[in-house]
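Let's start with one chain on its own, the form predicted alone, as C-alpha cells.
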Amino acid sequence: MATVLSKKPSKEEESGEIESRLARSLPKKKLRVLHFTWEYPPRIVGGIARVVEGLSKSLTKMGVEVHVITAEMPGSPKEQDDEGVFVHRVGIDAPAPNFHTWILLMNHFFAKRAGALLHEVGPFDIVHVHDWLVLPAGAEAKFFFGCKMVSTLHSLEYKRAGGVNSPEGHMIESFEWWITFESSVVIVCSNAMRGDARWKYNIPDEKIWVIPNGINPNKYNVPRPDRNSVKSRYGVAPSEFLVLFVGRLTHQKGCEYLIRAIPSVAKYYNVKLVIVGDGYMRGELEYTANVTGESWRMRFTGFLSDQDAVDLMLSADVMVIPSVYEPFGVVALEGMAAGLPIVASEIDGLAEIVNHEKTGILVRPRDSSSISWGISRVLSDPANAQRLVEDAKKELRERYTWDAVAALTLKSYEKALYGKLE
C-alpha cells in the first residue's frame, strides 16, 4: 500500500489564493441586463423601439442575457423569446385621463413585473433605462435588485419642446435630472447632446458617454422593387423626381420648411414630395402645402408598414431631413443604407452623422431656400450624388452597425459595475 505523506498547507492554500485562482479560471456567469422601454417592436412610436431592439439582439449575440420590459401591444405575445431577447409585455390595467398619467401608471405595472422577474430568473447585474418615460420603474428596480443602473437619454425636453413652460415639461425635466442622479453611466447619442446634457444637468465628464445609435443595413440588402411601380403608388410619374421625408409630423422635425422649399425646386426640376409619417402637426402641414399653391406635388401617406417604407427608400431620388432639433437622426442612417443621397439640417447630432459634401449635403435649419439649394445640389449632379451614397455606405459599415454599438455599450456596463475599464 502506498504511503500517504501529509504536508503543512502552504501560505497560498491557507489564504484561499488557490481557490481564488480556480474561481477565476471557471467560466464567468453570464451578464444579465434588464432594459426598460415604453416601446419595442411591433409597438413603434419613435426611434427608441428600434434602438432597444437592435442593441438587445447584438448584446445577446455577445453572450449577455437580455430581458426587456415594455408595454403590451395588441396581437403580440405577453412573453416572447425574440431571437434570444426575453421580451415581457405588460398590460396597463387602469384607465388614465391623459398621457402623463398613463406613463406613471405604466411605471407602476412595469415595476411589478420587474419584481416578479426577481423570483422567476433571479437578480440582474444592470438595469438599463431608456429615457424619462420609464425612469420611475427603472430606479425602483435598481434598488430591489441591488444592482447598477445605466441610462440612455434619447433626447432632452428643453430642446425637443423648444423651451419648458408647462407643468408637464417641468415634470419631464425633473425625471431627466433623476435619471442622471441614479445612473452610474449616462449614455447620449452624439457629442452635441453630450454638451447639452452636461450643461443642463451638470453631469460629471466621466459619467456621460457618447455612444451612437445604429441600424441593421441588411434590411436594405434586398432585391430592389420596380421603381416606377412604387412611385406610381404614391402619384409620382416615372419622369418625376421623388423627394422623400420620413418622420413624425411634429415641430421638431421641421417638415414645414421642406414643404415651402418644394415650389422653388419645382422651377427647375419636375419633383414630387412624399411625406411618410403622422403626428399632431399633420393638419397644419397640409394647410401649409395648400398655401404654396402646389399641394398637388405633395403626398401625405400617414404611417406605412416597414416593407412599404423600405420600398419607398429604395425608389426615391433624395431624402430630406429638415429637423430643427435632432439629437441623433437614425432616419439618416436608414436613408444611407438604402442608397439615398441625404440632405439634412446642419444641427445637433445630424451634423455629426452627415459630413457635408462627403456623405451628404448639409443645409441651414429653418431655411427653406437653403433646403431648396440642397435638393437642387443633389438632383443637378447625379455623379456627385452617387459618390455621396458610396462614401456614406462605407462610413455606415465602419461606425453604425449594432455590433459596434453593443461593444461600446458593454464597456459602459463594465464602467458601471467596476468603476473602471479593465
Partner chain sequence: MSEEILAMLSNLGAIESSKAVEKQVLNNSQSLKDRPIDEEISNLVRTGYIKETEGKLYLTQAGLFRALSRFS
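Positions refer to the first chain, counted from 1. Quantities reported herein were computed from a predicted structural model and do not represent experimental measurements.
The next section is about a form of this same protein that is not shown, the form predicted together with the partner chain.
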property: Residue among Lys148, Lys200, Arg194, Arg282 with a heavy atom within 4.5 Å of the partner chain in the predicted bound form; result: Arg282
property: Candidate from Lys57, Arg377, Arg50, Arg43 lying within 4.5 Å of the partner chain in the predicted bound form - any heavy atom; result: Arg43
property: Stretch in contact, per heavy atom within 4.5 angstroms of the partner chain in the predicted bound form, of 180-188, 243-251, 340-348, 216-224; result: 243-251
property: Pro204: touches the partner chain in the predicted bound form, heavy atom cutoff 4.5 angstroms; result: no
property: Touches the partner chain in the predicted bound form: Glu72 (any heavy atom, 4.5 Å); result: yes
property: 4.5 Å heavy atom contact, Tyr269 to the partner chain in the predicted bound form; result: no
property: Contact flag, Trp102 vs the partner chain in the predicted bound form, heavy atom cut 4.5 Å; result: yes
